[in-house]
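Have a look below at one chain only, the form predicted on its own, in structure tokens format.
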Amino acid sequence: MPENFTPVSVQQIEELLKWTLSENKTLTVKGRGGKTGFGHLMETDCTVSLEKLSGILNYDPAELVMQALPGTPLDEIEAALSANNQHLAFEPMRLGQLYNTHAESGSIGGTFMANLSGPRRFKAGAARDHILGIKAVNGRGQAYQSGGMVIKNVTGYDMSKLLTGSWGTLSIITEVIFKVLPAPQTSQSLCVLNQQPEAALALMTKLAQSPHDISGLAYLPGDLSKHYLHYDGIDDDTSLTMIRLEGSVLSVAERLKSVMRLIPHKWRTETMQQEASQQLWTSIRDVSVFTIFGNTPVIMKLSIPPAAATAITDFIKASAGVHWYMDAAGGWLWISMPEVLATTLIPGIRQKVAMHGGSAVLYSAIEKIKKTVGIFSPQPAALVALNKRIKESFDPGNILNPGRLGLV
């Protein structure tokens, strides 16, 4: 059984890492355990949980900056922001439901180390674009910091952005500083019904490039949307193109009118009010729309040029039991499939994605499938070498989450 550690200070983390090095042991690093299903299974000697390194250290609503310990629950962060009518604009997805963990919200440190973003990604940027600074301890047991409490901080190397998306393989973060933004007063979604993927993609591209400040653009085929549509005269094959507008009540109303002028009168539309709209966008954000089919053991996220989306969906449509939807204005394609298809279908999908300059990440699967197809798309030799040099620089003993990403 691996030894479990729950440090309560930076000093304890430094001591733990130095002891780990001296004893030639390896560490599983986690925040609150909400994302343990991502990546390969790790057989390490010890587990370190950051859940006791929790709390908001500094929050200045006027300066739009917050500083927190890594184990602070995301719920706690968002509650503090909501009390001041502010939010995390990158809309971080929550993986607790996907991985059937009890840590539904996860931690703020884990959110940034996983670079988790949601449907607002194409407008607001990723988590990486909102981090301002970190304090951390590397695999050598050395504490360091990067960035700070000001948005325009250009001193030294921006280590915080390098660590964002590293999934705990480079350092253990002990503090994170990030920017926040005013929250919208209201949210409303316009639904365009019964579009084919090509037409929906063209509309989403047009709206993403429009001046109407759209904050969400997604497309659900009929097999998914029928569980969320409650309008008369709609059959089970009706697709749903979601257009989200956020802001003040007056601004949303005026922009909604402008968006309606861009949509041909022959297309049927419905307006989804705030509560229903938020529920659906939360399902899209957390990939929980797939749960309507029961167990969906294999889930992939494709990051692609929007123009490539229909070519890839045409490729996968012929496979029974495969479901998909578009998010981030067509820049993301989420796919679920049965285990029996995964090892044959995923390499073909990745080949299609690579032809269009995109990438594919396996978010959920049994370990046998992960080992066969890998977590990430195959990388060029130069990128593999770069990843190896970065890992050796931060963690030469390969003690932090070894093998989790399968990159080095």
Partner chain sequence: MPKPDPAIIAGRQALIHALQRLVSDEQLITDQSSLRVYETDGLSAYRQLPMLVVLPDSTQQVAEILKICSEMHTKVVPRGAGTSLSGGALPLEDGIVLGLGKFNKILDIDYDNRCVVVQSGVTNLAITDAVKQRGFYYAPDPSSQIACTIGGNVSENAGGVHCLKYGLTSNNILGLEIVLINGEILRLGGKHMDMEAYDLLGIITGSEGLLGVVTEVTVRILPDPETVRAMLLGFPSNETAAVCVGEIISQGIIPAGIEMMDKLAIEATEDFCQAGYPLDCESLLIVELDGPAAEVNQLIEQVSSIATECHATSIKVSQTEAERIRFWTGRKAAFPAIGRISPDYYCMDGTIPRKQLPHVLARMAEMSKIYGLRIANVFHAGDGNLHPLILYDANNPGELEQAEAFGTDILRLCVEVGGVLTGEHGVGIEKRDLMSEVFSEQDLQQQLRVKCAFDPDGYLNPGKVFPTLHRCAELGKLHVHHGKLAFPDIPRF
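Numbering follows the first chain given and starts at 1. Keep in mind the model is a prediction, meaning the values are calculated, not measured.
Unshown form predicted together with its partner chain; subsequent notes refer to it.
Novice: Of these, 210-218, 313-321, 72-80, 281-289, which stretch puts a heavy atom within 4.5 angstroms of its partner chain in the predicted bound form?
Specialist: Comparing against its partner chain in the predicted bound form, the contact stretch is 210-218.
Novice: Check Glu339 for me: does it contact its partner chain in the predicted bound form (non-hydrogen atoms, 4.5 angstroms)?
Specialist: No.
Novice: Is the gap between Ser248 and its partner chain in the predicted bound form 4.5 Å or less for some heavy atom pair?
Specialist: It does: once its partner chain is placed as it appears in the predicted bound form, Ser248 has a heavy atom within 4.5 Å of it.
Novice: Applying a 4.5 Å heavy atom distance criterion, does Ala143 contact its partner chain in the predicted bound form?
Specialist: Yes, Ala143 lies within 4.5 Å of its partner chain in the predicted bound form.
Novice: With the cut-off set at 4.5 Å between non-hydrogen atoms, does Leu170 touch its partner chain in the predicted bound form?
Specialist: Residue-level check for Leu170: yes, a contact with its partner chain.
Novice: Given that its partner chain is left out here, which of Ala276, Met260, Leu162, Ala199 has a heavy atom within 4.5 Å of it in the predicted bound form?
Specialist: Contact check passes for Leu162.
Novice: State the residue from Gln97, Thr205, Thr271, Thr186 whose non-hydrogen atoms include one within 4.5 Å of its partner chain in the predicted bound form.
Specialist: Answer to the contact question: Thr205.
Novice: When you measure heavy atoms, are Ala89, Phe293 and Gln351 every one within 4.5 angstroms of its partner chain in the predicted bound form?
Specialist: Not a single residue of the candidate spot has a heavy atom within 4.5 Å of its partner chain in the predicted bound form.
Novice: Pick out the residues of 330-358 whose heavy atoms come within 4.5 Å of its partner chain in the predicted bound form.
Specialist: Sequence-ordered list: Gly331, Trp332, Gly357, Gly358.
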